[in-house]
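Given next, in structure tokens, is a single chain: the form predicted on its own.
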């Protein structure tokens, strides 16, 4: 069983009307809620194609960015860890996610230090280790606390760097299988993937680096044909999903779900 990309469950959350007020590094336009909801439905359909159970949580209008559930938790086979998002407006999202994970996992742990901040978008779990990128949303205290929390579950954590100006570590990379990572050239150049096979995003298509391997599918944002062809040629079964509206809020494919196989 490949625990880093074969899953029985996914959790998603419906986009809220308040999503138009969501955080963004650069304002490139207000998201179209109707179009985003259509893309979100396509995303859920792609997850279900793999045979997984998809849990759809209701919208949280009090939290404009709550559709991006990945930032709230790290889900591992042995248990879940509730994050402490680095954006103050998002702290309440993690608390909202905790009870749902408690119904699926025997053990749920929490990042609790007052100075600890960490978001799931900065965490890439592979078959051999957990990579955590320091960023504007994830600090040294958060990384250190997570390392302690997952140690007795048998996980090794390695801190890496996120390129300047990039929101999350996984904005620039994603796992394709147990040995292969899709990455922008700027991130791969940092030397953070020794021992892995790296497929670079095509020139001009860095925005599609955030994809997800979910069972037998690689789900990637639509509109990046050169990278899609690279993945096809490498033998991956690719499904494209519209992401134009989430991209206005720095969101990608991994941001929209928590993916896991719990041991109950």
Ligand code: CIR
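Numbering follows the first chain given and starts at 1. Since the model is a prediction, treat every value here as computed from it, not as a measurement.
In what follows, reference is made to the form predicted together with the ligand, a form of this protein that is not presented.
Answer option from 10, 249, 241, 16, heavy atom within 4.5 Å of the ligand in the model of the complex:
Of the candidates 10, 249, 241, 16, 249 is the one lying within 4.5 Å of the ligand in the model of the complex.
Taking heavy atoms and a 4.5 Å cut-off, does residue 133 contact the ligand in the model of the complex?
No, residue 133 stays farther than 4.5 Å from the ligand in the model of the complex.
Close approach of residue 84 to the ligand in the model of the complex, 4.5 Å, heavy atom:
Looking in the model of the complex, residue contacts with the ligand do not include residue 84, since no heavy atom lies within 4.5 Å.
Are any of the heavy atoms in residue 111 no more than 4.5 Å from a heavy atom of the ligand in the model of the complex?
Looking in the model of the complex, residue contacts with the ligand do not include residue 111, since no heavy atom lies within 4.5 Å.
Under a 4.5 Å heavy atom criterion, is residue 100 part of the interface with the ligand in the model of the complex?
Output for residue 100 is no: heavy atoms all beyond 4.5 Å of the ligand.
With the partner removed from view, which of 46-54, 220-228, 201-209, 65-73 is the stretch that lies within 4.5 Å of the ligand in the model of the complex, judged by heavy atom distances?
The contacting stretch here is 65-73.
What are the residues of 155-180, in order along the chain, with a heavy atom within 4.5 Å of the ligand in the model of the complex?
Residues within 4.5 Å: 167, 168.
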